[in-house]
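The chain that follows stands alone, in the form predicted alone, written as structure tokens.
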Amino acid sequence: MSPYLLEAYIVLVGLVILMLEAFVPALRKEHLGVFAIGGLVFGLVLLFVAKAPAHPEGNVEMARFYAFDSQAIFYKGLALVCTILVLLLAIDYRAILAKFTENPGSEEGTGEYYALPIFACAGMMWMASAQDLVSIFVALELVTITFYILVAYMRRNVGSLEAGVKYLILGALSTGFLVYGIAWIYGTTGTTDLSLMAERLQALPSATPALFGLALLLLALAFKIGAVPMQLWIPDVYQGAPTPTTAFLSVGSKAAGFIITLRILKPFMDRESVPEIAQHTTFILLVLCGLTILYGNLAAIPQTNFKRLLAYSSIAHAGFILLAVTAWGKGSETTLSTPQAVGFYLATYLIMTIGIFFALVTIRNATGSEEIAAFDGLGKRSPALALAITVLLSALAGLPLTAGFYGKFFAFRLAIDADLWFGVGLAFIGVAAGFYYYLKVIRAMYWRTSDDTSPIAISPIARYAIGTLTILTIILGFWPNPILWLLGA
């Protein structure tokens, strides 16, 4: 099967869901979610049977814009798995979606919500293969426009509408930076083809114009990955958006942002061809990385709302991933390369974060609150759920023998090998702060009491999802090889 058809198939699944939505009875919309998940699972199968063209020179124009290498395959799989889990989360969240869309007693306004993540998934898959600034822009805007709708989907909820407006305004601003950056890079190098960029950069008489264009691109990318200085939208948008959308933004959008960040930075970080540009780029990334780690971790400490805490945590994790990007290691037999370390971090982050959001939806359905106080006494009300949350939060903090430890370990290893001691020092401060605010939630579950002592009801979807993701978090903490094999490490 031609890899060019993968995204076309995913878009077709989304269009079929929209067509069916018009004819499915209002009380049976959850079946659309099940159908959508089935379509994406089949797409995951197609991903592993698709093969790159044997003679790419036969389609030169397509090969210029679309890459189907191991890195693209991994991130396409990550996008598909993330979207499948988000749709499962949406099915579990559908009662709240219905309450704030159409009639609270029906699911009339929830059908489109199962199609929109599929279109975003297609955009993220295109981003994974994009190797030209033009194709990157088109794919990125498909994802961004879809998220504009997803964030403000609960139109009868003031918080969701406010989040949608903030995301729209700052998203439009970042798009302006992106377009201006692309125009500046094209004007400087005469090409938008990233495979030719290093050669064109090497021939420039001065590095200043290229660095200015790169700075504009980094501002736009900082919005997508949630890094300083474009991180201000994250807490309000994460808190106000529907929880499945928040999970999708936290994992899927971040992963897509990092894959294009890696592709754009590759010619600028070539220390052999363009040493001066690589040196300045490393300095810029180091500053952004340090500020992102400090801001995310320190701002999370005083939070009392769990979704806002996860929002600042997302900023902090973007900083840790940026630390691996700043190091830009090529890898060896004993160490991972930067793309491999970033891929591993994002894969484990997906497992831990989606598990936490499933737990949050369960608590929200049971208590009607997303405050940390809603977790009070959970150790007695639902011991199994409390244990799973403890494991997942400990992994997010980077506790050894969990999947989250290896992600941070590989990032630190690359930074130490590159002698980025300033970044390593700030990262250690961030890790220490992370343990404090994650353990604050664990303390609420086991050391505080709640006036309501009734057991927490857990839906079958949430029970199996949380259990599976928690077990994977533990297994990968002892045996990370499956993800390393997928990364070719």
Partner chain sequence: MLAFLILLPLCAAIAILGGFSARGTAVLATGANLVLGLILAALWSNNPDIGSLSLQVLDKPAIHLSLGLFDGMSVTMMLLSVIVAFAAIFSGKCPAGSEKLWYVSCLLIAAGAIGAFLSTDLFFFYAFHELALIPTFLMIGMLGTGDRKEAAWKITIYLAFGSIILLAGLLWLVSASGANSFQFDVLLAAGTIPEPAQHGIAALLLVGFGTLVSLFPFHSWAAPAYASAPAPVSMLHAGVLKKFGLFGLLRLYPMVSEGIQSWVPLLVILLLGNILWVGMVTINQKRLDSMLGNSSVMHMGYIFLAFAALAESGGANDIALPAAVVLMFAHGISIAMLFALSDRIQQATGTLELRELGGLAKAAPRLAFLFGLAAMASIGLPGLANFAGEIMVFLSGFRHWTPAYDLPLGQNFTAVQLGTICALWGLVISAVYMLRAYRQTFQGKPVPATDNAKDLSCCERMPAVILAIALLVVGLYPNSILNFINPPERPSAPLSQSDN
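Numbering follows the first chain given and starts at 1. Here the structure is a predicted model, which is why all the values come from computation and not from measurement.
The same protein also exists as the form predicted in complex with its partner chain; that form is not shown, yet it is the one meant from here on.
Although its partner chain is omitted here, in the predicted complex none of Phe137, Phe147 and Lys166 has a heavy atom within 4.5 Å of it. Put simply, of Tyr406, Tyr238, Phe375, Trp126 only one has a heavy atom within 4.5 Å of its partner chain in the predicted complex, and it is Tyr406. Among the residues Ala327, Ala388, Ala122, Leu336, the one placing a heavy atom within 4.5 Å of its partner chain in the predicted complex is Leu336. Contact with its partner chain in the predicted complex, defined as any heavy atom within 4.5 Å, is confined among 65-73, 454-462, 30-38, 417-425 to 417-425. Its partner chain in the predicted complex comes within 4.5 Å of no heavy atom belonging to Ala95. Proximity of Ser332 to its partner chain in the predicted complex: non-hydrogen atoms within 4.5 Å are present. Interface residue remark: Pro480 is counted as part of the site for its partner chain in the predicted complex, having a heavy atom within 4.5 Å.
Although the partner is absent here, Trp447 lies within 4.5 Å of its partner chain in the predicted complex, judged by heavy atoms. Contact annotation for 366-402: residues with any non-hydrogen atom within 4.5 angstroms of its partner chain in the predicted complex are Leu399, Pro400, Leu401, listed in sequence order.
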